[in-house]
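Next up is one chain by itself, shown in structure tokens, the form predicted on its own.
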């Protein structure tokens, strides 16, 4: 096929996706139509939340910050317009359009002004916006908020704010721009009591506030604010019930009229009251996910172990002939569509690192129960099959693997893998259990979780981070350290190479670790690299704990607090440390393979073979190998991580452990210790563009290695050898999670499954 023919086919397919034709997939006609509706709408922004926050904050100048935050959240929920489309059974949309996102003006205003004119056409993740809304943002909201955002306040309190958001070496921009994220509510508890259960506990806490006790200062504002927020959630549900009845009165089709009346009946009951049926339970879960996405700006608002807490409602309805398996799967598919409908709204810079609009919600199946027995059930299979039917990007359906996982469930997961959508993700129960056992506890301590809590409530959240439903809170994708850039600093005595974008090209960006030409041994070079790495880790951490303090003081999040165990009883917002286990801010690394391969190449060609001098290597790197392709190929042929070669793999394992040890030695503002992680998504591309040529033979400003995977096109001995390399790393040391991406031919995988 010619290039022009390929482009024509691609354009036609793109238009089909835009007008919904190729998106009409799902197990029923209803789901097909909802899927079409989803794909027929471009991502857009809504400023309802912004209007509410500006209105409340302008009217409450001088009042306690927590009172203002809670009032603004309550105003947002009680006045949110109820929107109901044809075909849907689950009520709840986060804005006036499908695929719209609310602007969190108190976090977005400082960068939003510069993005407004390009919002519809920017290179990564463009958003539609009404002309009137754009003008209102520019004239009313941004002027009020631009010097009050978390980033603006933080920038006045730290020594190197610009360096920490645009150096390409270490940054914490995601932490400041996406607060309110990475959270698993205790859905089992919520479903058993409804929001009324939380309301009763808050009322009890308010009655116990002692105005003469210094420890209770502020708790009255806390409890009164939560009462207002809970009442606002109740009002929102009542508004949806009224809207459904209004539509039913005008509906001529008897079947749809009955569906709308059923929706009204359900919204009259939940989420305020305990769920009694599968339909009521999934409605409560969905509406909560939607509200959390409005309250927080960040990603990874996670369903957790959906097949566990939903099972009692499913089994009861099946036994009483109130629900069929097909109807349950249809509701799950609708929830998948609505989950995908919520885009992540972020700056142009962050969209470059985390592009694709995706907010990284997880939905887990399988695993073990608190007794250590296999926990898979019929819902586990339905959740996997639902994704095969509906084919949405969200949520990330994940399978929790263990030695007792049934072969039938593994086969069901493999069938989904063959679809090529990236579902499901696979997590080893024992590995993430060990991560949770030492979560936030430093090098010598243990987390407060019991083994039973980990097995029953533990599940991945976000991309790969380990979490425990209702018992944990903290931003788990916070600071990022570029290991590839660290090698460049070691080769330049701490100076960032000239010619790179962002802060500081040609400036001292790291410690002076010496002229590499004077390093007579590999050990001296090795020590310089690790010193640069430790410096970058500590510097980003120092900036993040200031951000952590500001978030605790100025970004209270009432629904997160209500859904976190113990916060109501303590009278402490979850952002201020009210969680059972506080974690984060954490520190991720990007470019593990680039560092390992660079160090292995220097060791091989400079010190072991002596075929290249350090001066010659540095000159070749300075010119990006412009005049020395022969040397670049020599470096490319040096041992590479990912081929079951201990020469490179041992270096990777060492720096992997060293990174984790330095990170986990650092204490955070709320008393816990930092956790180490592998940076996910396409950050390797953005950080790669800010990284000069490396001794691995990689050209300047090219993508770094993806996640903890081998460097692109260097794992040349197949997936088995690569897996053996990966198995040499101590994953448990990365208590904030690890991520490995491996690509296997769909046709080859299909052959295995079919055989």
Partner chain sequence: MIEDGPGIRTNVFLKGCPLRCKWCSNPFGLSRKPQIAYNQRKCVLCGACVAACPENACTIEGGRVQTDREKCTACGACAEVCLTHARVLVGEEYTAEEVIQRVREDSAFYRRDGGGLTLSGGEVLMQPEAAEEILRVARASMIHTAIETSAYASWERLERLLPLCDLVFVDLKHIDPQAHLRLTGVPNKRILDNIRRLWTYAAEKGSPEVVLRLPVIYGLNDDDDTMKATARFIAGLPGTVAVNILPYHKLGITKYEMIDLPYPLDPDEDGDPARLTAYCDVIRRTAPGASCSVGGGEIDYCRVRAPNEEVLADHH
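Residue numbers count along the first chain shown, from 1. Just so it is clear, the model here is predicted, and its values are computed rather than measured.
A second form of this protein, the form predicted together with its partner chain, is not displayed here; the remarks below concern that form.
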- Counting non-hydrogen atoms within 4.5 angstroms of its partner chain in the predicted complex, say which of 723, 41, 60, 33 makes the cut. 723
- Among 498, 371, 132, 633, which has any heavy atom within 4.5 Å of its partner chain in the predicted complex? 633
- Out of 65 to 73, 50 to 58, 691 to 699, 712 to 720, where are the residues with a heavy atom within 4.5 Å of its partner chain in the predicted complex? 712 to 720
- Is there a heavy atom of residue 512 lying 4.5 Å or less from a heavy atom of its partner chain in the predicted complex? no
- Is there a non-hydrogen atom of residue 403 within 4.5 angstroms of a non-hydrogen atom of its partner chain in the predicted complex? yes
- Going by a heavy atom distance of 4.5 Å, is residue 453 a contact of its partner chain in the predicted complex? no
- Interface membership of residue 637, its partner chain in the predicted complex, 4.5 Å heavy atom rule: yes
